[in-house]
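Below sits a lone chain in structure tokens, taken as the form predicted on its own.
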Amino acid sequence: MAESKRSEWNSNIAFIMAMIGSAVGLGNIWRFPNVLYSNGGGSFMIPYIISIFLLGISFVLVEYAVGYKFKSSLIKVLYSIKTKLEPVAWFIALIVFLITTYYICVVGWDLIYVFLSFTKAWGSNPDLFFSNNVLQASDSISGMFTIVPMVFLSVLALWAIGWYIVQKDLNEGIGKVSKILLPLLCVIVVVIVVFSLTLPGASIGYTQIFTPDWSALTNLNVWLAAFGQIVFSLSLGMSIALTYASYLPDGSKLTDNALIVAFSNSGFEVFNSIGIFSILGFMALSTGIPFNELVTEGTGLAFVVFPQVFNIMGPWATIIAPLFFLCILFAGITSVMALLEVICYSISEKFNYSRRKSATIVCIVGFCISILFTTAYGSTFLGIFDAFLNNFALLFAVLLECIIFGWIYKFDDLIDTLNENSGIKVGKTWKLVIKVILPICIFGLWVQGVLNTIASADYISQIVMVCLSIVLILIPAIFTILPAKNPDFYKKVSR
């Protein structure tokens, strides 16, 4: 029997901390502010809140119920529901693994900036510094044969950290690290937000959150943006919630926990945005640059705009800058732990490997793939991987899970599982959401993502995406065909 299968959270707080840590990631810090600003400001909160209930909490409850009921990895769960669904499970697990390989590289960039921030080593032109000095980016595909040493070492360090945490006992590794990093992360965010509110021009920024554009509510794209933010923010479809819930002891209050995690994650996003917008308001006032030109997302916000802010902030920047990049680092590490656990648990359960062995194999293979993103052409590869895996593959995986758990599996059993110990009950409304409303919303997001990905793809992007498509077909097929070394794997879990 796989060692990880016998694992169990030693307290409900450990589970909640780990779940919140998995949800709070880079998307909360640098994606949400831009999505909020670009989609009606304060009025965006209406579709955002609706999407939390309609999409976020609803789907998280599915993963909680399935993981808790089956006490197994996604691979064993889908195999138990229907034998022919095992390739689908490996397909989903592989998507999560591939996302991890480039996500950890972005966290690696941030690790570099943690050290740079103490001396503001990015100089007077952070944009040029990030591109030329940190990434050493090249527009030529020949750049894939040039390793960028600083990025390579930071990525290696983070894979080593990820391995060290995941290979340990569940509570000694993920549980303990979550209990340490999540409170630290929250303290850092509070310090940054409180400080940002004292800056001149802060009101220019934070009023954007409370200034609604009501006309945006009639725009379908705004609603799709809200649904998309929840998908990426809560890591829906990645089976993280399913995996973590499988370690819960009997008697756990699943619905109550889901609400705590969802609202904690969303509260973090909104609270963090107040700080981000306040700092950008200070930048707008100090430089005369229009606020809308400062609001961006991703690496542009973290590694270009904010270093520019720190350059004009004065002595306080020597404190706030390291805290800001530490905030991103801690959020990244807690997410990486969760992403790794999904694939490690799946491999452990089928092939009867210990946590250490499965974590070692996964991290070595993952690091080898990540080397691709540590090259001079790595940032381009990273963009292609991100566009394809998030906009196409991951949303398709969420759609598949909705169909499987909503239509193929006996859905009423999940309702009974959720209501058994929870103070908050679910019923026919939730069933309607999962079986009908949610698949329609996800399908709309998926179509939009596919069209956007195809429209923006150049020749090299098309080649990489074709290669990724082949990998996502072949690897799951191979892992399905490989015989299980765990004799209990072929014994279907009671449904």
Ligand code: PFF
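The model shown is predicted, which means the values in this text are computed figures rather than measured ones. Note that residue numbering follows the sequence shown and begins at 1.
There is another form of the same protein, the form predicted in complex with the named molecule; it is not shown, and what comes next is about it.
key: Candidate stretches 23-31, 43-51, 63-71, 434-442 - the one whose heavy atoms come within 4.5 Å of the named molecule in the predicted complex   = Heavy atoms within 4.5 Å of the named molecule in the predicted complex occur in 23-31.
message = Quick one: 106, 303 and 379 and the named molecule in the predicted complex, is every residue within 4.5 Å by at least one heavy atom?
response = No: no residue has a heavy atom within 4.5 Å of the partner.
ask   = Ok, 238, 225, 165, 185: which has a heavy atom sitting within 4.5 Å of the named molecule in the predicted complex?
value = The residue from 238, 225, 165, 185 that makes the contact is 238.
query = Pick from 178, 273, 335, 374: which residue has any heavy atom within 4.5 angstroms of the named molecule in the predicted complex?
reply = After the contact test, the surviving option is 335.
ask   = Does the 4.5 Å heavy atom contact test between residue 390 and the named molecule in the predicted complex come out positive?
value = Contact check for residue 390: yes, within 4.5 Å of the named molecule in the predicted complex.
Non-hydrogen atom contact residue 353 with the named molecule in the predicted complex at 4.5 angstroms = Flag for residue 353 set to no.
request  = Give a yes or no for residue 340: in the predicted complex, does one of its heavy atoms lie within 4.5 Å of a heavy atom belonging to the named molecule?
outcome  = Result no; residue 340 lies far from the named molecule in the predicted complex.
message = Please determine whether residue 409 contacts the named molecule in the predicted complex, using a 4.5 Å cut-off between heavy atoms.
response = No - in the predicted complex, heavy atoms of residue 409 and the named molecule never come within 4.5 Å of each other.
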